[in-house]
Every structure is written in C-alpha cells, then in structure tokens.
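Two forms, one chain: they're shown below as structure tokens, one block per form, named structure 1 and structure 2.
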Structure 1
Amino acid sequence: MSIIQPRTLKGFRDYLPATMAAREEVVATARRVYRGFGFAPIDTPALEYSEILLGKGGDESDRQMYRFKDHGGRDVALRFDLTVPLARFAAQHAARLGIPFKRYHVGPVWRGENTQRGRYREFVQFDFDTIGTESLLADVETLVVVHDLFAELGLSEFVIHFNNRDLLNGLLEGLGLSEQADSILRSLDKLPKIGIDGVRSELATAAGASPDQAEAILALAGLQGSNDEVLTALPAIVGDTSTARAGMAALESVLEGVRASGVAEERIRVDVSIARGLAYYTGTVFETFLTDVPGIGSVCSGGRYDDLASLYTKQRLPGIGGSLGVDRLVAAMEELGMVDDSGAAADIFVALFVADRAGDYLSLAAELRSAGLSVELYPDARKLGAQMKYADRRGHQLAVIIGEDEWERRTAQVKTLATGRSVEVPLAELTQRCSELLEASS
C-alpha cells in the first residue's frame, strides 16, 4: 500500500496548538466584550442554497464562492461571510426574536480568492450585528464595540477608519455615474493595493468614467487631514445633493457619538477613502488597522446594510455590524510577538517518577484539578531528564516531582521552570503553594 503524501490545499492551513490557543483567547475575549453590550449568540449552517448567497456581495464574491451540486442535486454554496446568512436568518426568525435584535456569531467562511499575507481561503470570522434599527446610535455602538474589543485584547496601537457610503453616492449622482456605483466601489476598495494610478485606470475602463469624473472621485478618496478638517472640506468635494448632505450629517453625528463614548481621538479617523467592496453596504462603513503591522490589512471591518434582508422578506430589517477577522488578527499578533509559541494547555506538569504508584499520581493530579488548577500528568515513567525536557518544551510553568522518598515523607518538589528554582512542599499544602507560585509568576 503506497503512502499518501500529507499536504494541505492551497489557501488552507493547519493550526498548531500555539496558534489555536491564541485563536481561542481572541474568541473568548470577543465573546465577553460582545455580551457586555447585549449581543446574543446564534449559529447558521455553513452550507446555504446558492440563491441565498449569489449576488449579495457583488460579482467578485460570486466568482470566489465555493458552489456545487449536493447529493440531492440541489444548487448549494459555502457561505462567504456571516452577514448574508444573518439576513436570511433574520427574515425567517424575526417574529420570534423581536427587533431590534443583537447577535454574535463565530464560524468559518470560505472564499476562493488569491492567497496573500494573513489571508486564506478558509478563515474564521467573529461577527456582531444589530438588526431592525436605522438609528445612528447603533452605528456609534458598533464602532465603540470595536474600540473596546481591541483595547481588551491588549492591542494599544490601532485606528478605526470610518466613512459613509452616501458621500460617494451623492458625488456619483452629481457626476451622472450612479449606475456605475458598484464597479466604482470595487475599484476604490483596491486603492491600498494598486494605488491611485491603478484606480484611475480602472475607473476609466471598468466604470467608463471620463478623466474629469475620475479626478473628482479620486479627490474625494484622497482627502486627508484631521477629523474636523475632513468634515470641513467635504461639502466642496461631494456637492450639494440630498444624498451627499445626508452622508455628511451621518458622518458628523457618528463621530460626535463615538467621542461622547470616550473613544480617544487618535483611535478613530474619518477616512473617506474607505469603500468596502461588498455591494450590500448602504451607510456607515469602517475598517480597523493595526499601526504596528500595516501590511496585514484591516482586521475588523463592517458597516450598515439597510436593504439586505429585503431580498428575503417584505418586513424592513435594516442592520449594521462588524466582522472580526480572527485568523488575520492572530497572524498579526504572531508578528507582534504576542503569541506564546509553546502551546501549553496546562500550567502544572506532574512527572511520573515511580511507575507502580500511578494511582497516587492520578489522585494527586485530580486533587489539583478540583481546586481549579490545570494539570498535565506524564503518561510514562521515563527518565526524569526526558520528562523535564518535555515540560520545558511544552511551556508549563510549574513541575511537580515526587519520587519514592517524597512519597514516604508526604512531600513534593515544586520547580518553577522559568527560573529553575525548586522548593519542597508538604503534600497537604501543595495546592495552596502551586496557586501562590502561579499567581506570583503571572
């Protein structure tokens, strides 16, 4: 029988313990923050009828979709995000849930796109959304949730860039390019990747914009300055259509609300170049960047999608939310040295020193666990040096060593692995002393 070469598909990856532990920590922190704002958990299937997903994110999302016929001959596809399934979910269950409804949802999504740094074809998102309100307070809260999440994760160097789609829509109305809005948005969304000249070329070829029209669009996307300076300069650039005025008013209101919520000015930026390539966004849009890892791209993005659920129900269900790119964030944290590469799952290592006392070691480990401590018991009575080498490699904080003499004296050697220092502790005091040593090391 020939050996099958072990390999993974391009754009997919295995997650070793250290990375998975970091992912679990990020998810646990996000869950705690989301629940603190009143969001409740839901789940939806990974697989949907294709008609549920097609056309919702735009042509590019349709091209990237993993779509096939199932065993029953049904046309199905893997979800490319968690927002479109939420719109379908809300349309089905709004009567039972009541509105406004606030949810969070963590799960994998799939996009057959070109792989790049921090970007994979299968990745985990952790979304939070508010469905059933057009209030700008929900927009404000969304940005505050993102701010509090990153602060809670210990990421001090981040900036939330936000915009309002109505600014560009108003400008395009004045330019007579409203029908080309989707292709223009997709072109602007590529600005960080292909630069101004690349976007200028796409505006001409994909959207049919004249040179003057293209320059007007690029003037908006290129507007920079402090938050107040950008707000002051906008009217002269976007024009005086009702759509543009609504966008400017919303942008200003959201900024005032975020400031009132205590978010520092350096953490929030009015950035009218933010477009968001998905077609369903309607108002506020945002992206979050880590200033210490600029090349990783946005690690938390989202916005308002007031018309998405109308594709599934006549009930009006406007929504706004954010999506944390868990795997991209973990990749950034790895670059920042924030991920413990040991992957240790337990703080305490118990060496198996005397083979015929296995029952005593099992009882000891169970006693420590019953006190809330995490303990790994080595399964084989190998030489102590080999066991300690294993404990060091695994990243345990403490090692408990009990030989025959210690069992007779009812004591244990407790070694702090980071310093190599050992102390002899009576077994009756072992739980308390381990707790004290762990607390001191943390």
Structure 2
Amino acid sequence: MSIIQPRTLKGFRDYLPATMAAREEVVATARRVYRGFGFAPIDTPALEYSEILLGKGGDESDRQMYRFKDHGGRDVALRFDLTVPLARFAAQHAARLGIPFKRYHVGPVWRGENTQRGRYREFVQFDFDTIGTESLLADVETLVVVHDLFAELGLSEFVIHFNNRDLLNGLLEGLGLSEQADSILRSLDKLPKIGIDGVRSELATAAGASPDQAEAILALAGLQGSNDEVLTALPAIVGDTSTARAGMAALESVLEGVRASGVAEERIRVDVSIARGLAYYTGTVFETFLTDVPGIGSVCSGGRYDDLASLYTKQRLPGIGGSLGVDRLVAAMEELGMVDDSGAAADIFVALFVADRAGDYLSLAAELRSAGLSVELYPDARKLGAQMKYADRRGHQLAVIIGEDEWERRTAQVKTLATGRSVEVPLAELTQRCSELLEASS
C-alpha cells in the first residue's frame, strides 16, 4: 500500500504546542477582560445558509466565501467573520436576550483569499459586541475594552486608530458624490501605498470626481496631527452637512469618553484615514496597530454597524464591536519573543527511577495533583541523566527524584531545575515543600 502524503491545504495550518499554548493564553486573557465589562459567551455554527452570509460584508467577502451544496442540496457557506452570524443570532433570539445584549465569541472563520504572512484561509477571531444601543458610551466602552485587552496582554506599544464614517459620508453628501462612496473609500484606503497623486488620479478615473471634488476629499484624507489639532481642523474640511456635523460630534464625544476612562493620549489616535473595507460599518470604525510589529497590520479592529440586523428582522438592532485577530496577534508575539517554545510543561517532573515501584510513583503523582499541582511522571525507567535532560528541555520547575534509598528512608529529593539545588524532604511533607518551592520561584 502506498503512503499518503501528509499535508494541509493552502492557508490551513497545524498548531504545535508552543503556538497553541500562546493562543490559549491570549484567549484566556481576552475572555477575562471581556467578562470584566459584562460581556457573556455565545457560539454559533461554522456553517450557515449562504443567503444569511452573502451580501453582508460586500462583494469582496462574497468572492472569498467558501460556499457549496451540502448533502441535502442546501446552499451553504462557511462564516467569513463572527459579526454577520451575530446579527442573525440577535435577530433570531432578540426577545430572549434583552437589550442591550453584550456577547463575546471566539472561533475560526474562513476566507478563500490568497495567503501571505499572517494571512490564512482559516483563522481565529475573538469578537466582543454590544447590540441594541446607539449610545456613544458603547463606542467609548468598545475602545476601552481594546485598550485594556492589549494592556493585559503585556503589549505596551500599541495604538488604537479610530474614525467616524460620517465624516467622509457627510463630505461626499456635500459634494454630491454619495453614490460613489464605496469606490472612494477603497481609493482612500490605498493612500499609504500609492500616495496623494495616485489617489487623486484614481478618484478621477474610478469615482468620476472632478479636480475640485478630489482636492476636497484629499484634504480630509491627508489630515494629520495630534488628536486636538485634527479635531480643530476638521469642521472646515468636512463641510456643513448634518451628517458631517454628526460625525464630528460623535468623534469628539468618543475621544472625550475614552480620555475620561483613563486611556493615555498616546494609545488612542483620531485617524481620519481609517476607512475599513467591510460594507456594513456605519459610524465609529477603528483598527489597532502594534508599533513594534508594523508589518503585521491591524490586530484588532471593528466599528459600529447600525443596520446589520435589519437584514433579518424589522426590529432595530444597532450594534458595535471589535474583533481580535488571534492568529495575527500570536504571530506578532512570537516575533516579539514573547512566546517561549517549551510549550506547556507541568510544574513538577517525577523521575521514574525504580521500575518495580511504578505504582508508588503513580500514587505519589496523584497525591501531588490532588493538591492542585501539575505533575508529569516519566513513562520509562531510563537513565536518570536522560530523564533530567528531558525535564530540563521541557521546562519543568522542580524534579522529584526518589531512588531505592529514598524509598527506604521515606524521603524524596526535590531539585529546583533553574538553580540545580536539591533538598531531601520527608515524603509526608513533599506536597507542602513543593508548593513552597514553586511559590518561591514564581
């Protein structure tokens, strides 16, 4: 029989222990932060009816969607984000949930796009959203959650860039270009790449903007400075439509709220160039960048979507939320050397020294575990040196060594691997002494 080549699909990956342990830690931290703000867990199916997902994220999302007929001939698709399923979920369960409804949701999503560093076809998002309120306090809270999340993760160098789509919408209304909003948005998004002149010519060709219109749009996109400088300059640039005024007011109000929440000025930036491609965003939009890993792009982004649930219900269910890119974040942390590659080792290593006494070692390990300690018993009675080497490589804190002599004396040697120091303790005190040693080294 021939051997089948072991392999994974393009854009799909296996996760080794070191990476997976890092991911679990990120998820645990995010969960703790989300819960601290009153978000509750939910889950939804990976597979949905295509009609639920199609047309919600824009043409690009539709193109990238994994879509096929299931065994019953149903037209189905894998979710490409967690926000659209949430909208369906909220519409379906609104009556039971109560408003506002705050939920978090972690799971894989799928996009059939071309791969690149930090971009895969299957990746994990960890979302949090607030459904059922238009209050800007929810916008403020969303940004504060992101801030606390990155602070808790130990990533000190990050900046949350935020904007309000009404600024551009208002400007375009005044210019009579509302119809071309999508195409203009896409052109503006390329500003860092193709420059002012590139965007200017693209605005003319793709959106049919006149030279004057293009200049007005570019004046907005090119606006830079401190948060207060940008806010001061904006009114003259975005014009005097009611939409633009609303966008201005929202932007100022959100920034004020974020400041009041104690977020440092250098962590939050009004950035009118943040547009976000997904079609469903309506007001506040944001992206989060790691200053030390610029190449990886945004690791947490989101915004307000006041019309999304209207696709599934007549009830008005506005929402706002954010999406943490778990894989991207773990990749960034690996680049920053924040992930040690030993994987998750148990605190205590027990050498299997005397093969005949396997039962004694097993009950000893069980006793330590019942006290809440994590214990690994080596499965083979190999040379002690080899076992010690294994324990060292694996990253255990303590090694418990009990040979025939110790068994007879009813004692154990407990070795602190980092220092090499070893103490002999009575078996009766082993649990307590191990706890103390672990406490001391942490």
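Residue indices: 1-based, along structure 1. Under this definition, the rigid core comprises the largest set of C-alpha atoms superposing within 1.5 Å between the forms. Keep in mind it's a predicted model, so treat the numbers as computed, not measured.
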(message) Just to confirm, one of these is the form predicted in complex with the RNA and one is not; which one is it?
(response) 2
(message) Core superposed first: is there a CA shift of 2 Å or greater at Q213 between structure 1 and structure 2?
(response) yes
(request) Tell me, please, whether between structure 1 and structure 2 the C-alpha of K193 is shifted by 2 Å or more, with the rigid core used for superposition. (result) yes
(request) For A418, state whether the C-alpha moves by 2 Å or more between structure 1 and structure 2 after rigid core superposition. (result) yes
